[in-house]
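One chain is shown next in structure tokens, namely the form predicted on its own.
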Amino acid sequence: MKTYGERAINLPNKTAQDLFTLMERKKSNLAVALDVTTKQEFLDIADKVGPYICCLKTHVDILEDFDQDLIDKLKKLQKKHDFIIFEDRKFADIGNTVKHQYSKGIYKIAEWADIIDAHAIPGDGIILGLKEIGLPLKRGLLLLAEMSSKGNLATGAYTEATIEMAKRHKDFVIGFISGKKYNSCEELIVMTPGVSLDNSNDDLGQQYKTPRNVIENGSDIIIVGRGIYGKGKDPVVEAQRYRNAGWNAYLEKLEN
């Protein structure tokens, strides 16, 4: 098994290279899914968890008071704490539509998000549309190969077709949202949501696995949300706890 730094060397996409080298530098494979609905809470939590994460995953369209000031302050926090920004937009339309959703509108995602993601349902056209905007900016795309919610349809033939799409576009597709590594795409990044040290499920069908579970299955980055900043949680304490759990699991896997 290669280290994150060793894997970064031959990757064709700059964002993928930057992410892996950042992970080695910070000794973190933790991404925080920051799904809160107000600007101030968003910025407060981002500042607290920033030192311990490799990636901040956002859903900016749920923010009730989104504005350009939030993006300006987010960029400052990114520079201060050294992390990658992943806007979890889950694009799912035809190529001509997604390239406008990516670059225009009130969010102008391409201007500030290092990584985005997309469903493979529309076919290669969705990658081509997003690539037209993102590749010149040296951005990266993740494809949703699997999801962590109960009863989801991202399985079997769909997952296999998604893997083949990724292989055709390795200059822009840097990896997958998935629960495991795929043998035919070992060099690509795998980010896994639904990670918890305390819970096994929630009331809305989310199914959780531990950091050790997902790293052993070949994931590179654990994505944690409410487990870090939920009710009664101290984001600093929990971010350190998850960062340590994820990194220790990675080190143990390197030794085996």
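Residue positions are given as counts along the sequence shown, with the first one as 1. This is a predicted model, so every value here is computed, not measured.
Beyond the structure shown, there is the form predicted together with a further copy of the same chain, which is absent from this document and is the topic of what follows.
Contact with a further copy of the same chain in the predicted bound form holds for none of D114, L137 and E187, as no heavy atom of theirs lies within 4.5 Å.
In the predicted bound form, none of the heavy atoms of K181 sits within 4.5 Å of a heavy atom of a further copy of the same chain. In the predicted bound form, a further copy of the same chain sits within 4.5 Å of a heavy atom belonging to L63.
Of the heavy atoms in G105, some are within 4.5 Å of a further copy of the same chain in the predicted bound form. For the chain shown alone, K73 is not a contact residue for a further copy of the same chain in the predicted bound form, no non-hydrogen atom being within 4.5 angstroms. Applying a 4.5 Å heavy atom cutoff to a further copy of the same chain in the predicted bound form picks out D88, R89, K90, A92, D93, I94, G95, N96, T97, K99, H100, Q101, K104, G105, I106, Y107, K108 from 88-113, in order along the sequence.
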